[in-house]
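For this one, two forms of the same chain are given in structure tokens, first as structure 1 and then as structure 2.
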Structure 1
């Protein structure tokens, strides 16, 4: 298939910006795209003109722009899982007392498509539309364990508890499959624990995952079995609803 080179490079820049939480310089873009700095600068400047990228006036580094958020919201509004999951998220939050989240696989990461916040003053939120790694989040590991997504080859470290070897991740995913749920024990954020379970469709294919996140002061190791039971029960009910919804449509 013939492609338009400049458009392809522009889309690649969006990918790079999405993978770079601290922004990217024109020099770094040029190196990753194998372009001269002038061409890289013109491409990213064009994206900035249309608000798909924005430039920090101090660091002069580029990051994703607000137009990407607008498009993301339009996409999220069309996702059937998001609509169906809302009452299940509320139930999970009310029974656990913690923030509940639902996510799907996107660009090799977890895309948070909805959440219900806890009423607690100390709570753990996940911004809807944000992306997080698969290997160190409960939502991500639930999808990795029960889906067919290839394991990420680069396991970035976020805390001392992050699994950074493929062997350790594989072993952890075996445990996830045995127990039916995944955990994040301060692997992505210090002081935070998470539990998640997969969501299946009528083909028994993983289409996402649902779970809760909270501070370790409430989500203690002693309380984790209780939270896990809640998450599994709600994920199974949501999966049944998704199977029914798919057959009706």
Structure 2
């Protein structure tokens, strides 16, 4: 596989810009890429020319440009699941009172492609566009349990509840298949519980998952079965609708 070097470098710069909250200077870029300052300067200037990066004239530091937002929107707008899921997300949110999400599998992680927030939803790190691990999220486990995705080998720990051994994960996925829904019981974010169920397409292939998340104060262990029933119902209705939708993601 032949790679275009300077393009690859430009893309790595974008990655770096994305990870740097306060912008990046040309010298910092050059250091991180083991490049000459001059080369880094020219590369990032090119990115800025096309609005992929933006230069703060006063600090002369670069950050991401608006074009990435536009691209993201283009991508999300093209996902049929997103459109179809919208009313179901609303329904979920209204009936549960909690935040609802849809996600798809992407790069061995779960990509949140849409959400509907409840009136008093919390700030979780599960915003649209975030890529979260599969093994410690309800959306992720729902897809793992019903799909053909190989299990991740590295199970990073995020909280005390995170399942970090393959065996415990496998056992958990068995339960998910029996129950028809997956949970995340403070396995990723402390104080947050989630429930999710898979979404299938016309070939009964898992194409994503849908669910809700909320604080443990409202999503009590007692209330979980009730929430789960709701999520399952909605996920099945959504799958049904996806059957009659254009056959793409």
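Numbering follows the first chain given and starts at 1. Here, rigid core means the biggest group of C-alpha atoms that superpose within 1.5 Å across both forms. Values in this document were obtained by computation on a predicted structure and should not be read as measured data.
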| field | Structure corresponding to the form predicted on its own | value | 1
| message | Checking residue 188 here: with the core superposed, does its CA move 2 Å or more between structures 1 and 2? | response | no
| Superposing on the rigid core, does the Cα of residue 236 end up 2 Å or more away between structures 1 and 2? | no
| residue 204: Cα shift of 2 Å or greater between structures 1 and 2 (core-aligned) | no
| note | After superposing on the rigid core, the Cα of residue 52 moves between structures 1 and 2 by an amount in angstrom of 6.6
